[in-house]
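Taking the form predicted on its own, here's one chain by itself in structure tokens.
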């Protein structure tokens, strides 16, 4: 079974497309962004300095993160809590720490291994770092104004893009061999169909 990596900036449609592709193929789905958001939420709750890499990494290492239809951290349903503005602001800082990324990348690879090496995984470094040998690699893009409207975060979208593309570790970038798909004015069903067409029979 295939392993499909879907990357792209905030608001490009990764989650919507990845969920639909996974559903069409009957594959498990993993939202890696929710994992980083979970760490950010937990770090904020613990009151640690978000710029202290070692402290944030210690928080990440200790967490039980369950990402599925709902997101639970240490048994607490944080599905909605990890989407608030405080977490939106914190997540790019937290995800820039090499120690945090190492911890979560290991968990992401373990997740895939536990699913027989198959699944649909979405994030910002899936095709470039986490699964460079994925069966299919897709990089979604969209106009910044459209992405901001989708997320309702006009100022934050530009900030997230800047932080995600310029971070020293695993920056947001189009992976070698990835197929770029512009979702600006393309219906979700059409984007999903294009991704499905890339999956070998």
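Residue numbers count along the first chain shown, from 1. No experiment lies behind these values; they were computed from the predicted model shown.
This next part talks about the form predicted together with a small molecule, which is not shown.
With a 4.5 Å cutoff on heavy atoms, residue 160 counts as touching the small molecule in the predicted bound form. Shown alone here, residue 41 lies farther than 4.5 Å from the small molecule in the predicted bound form, counting heavy atoms only. The small molecule is not drawn, but in the predicted bound form it has no heavy atom within 4.5 Å of residue 174.
With a 4.5 Å cutoff on heavy atoms, residue 103 does not count as touching the small molecule in the predicted bound form; it lies far away. Three-residue candidate spot 21, 107 and 131; no residue lies within 4.5 angstroms of the small molecule in the predicted bound form by any non-hydrogen atom. Of the candidate stretches 49-57, 30-38, 140-148, 65-73, only 30-38 has residues with heavy atoms within 4.5 Å of the small molecule in the predicted bound form.
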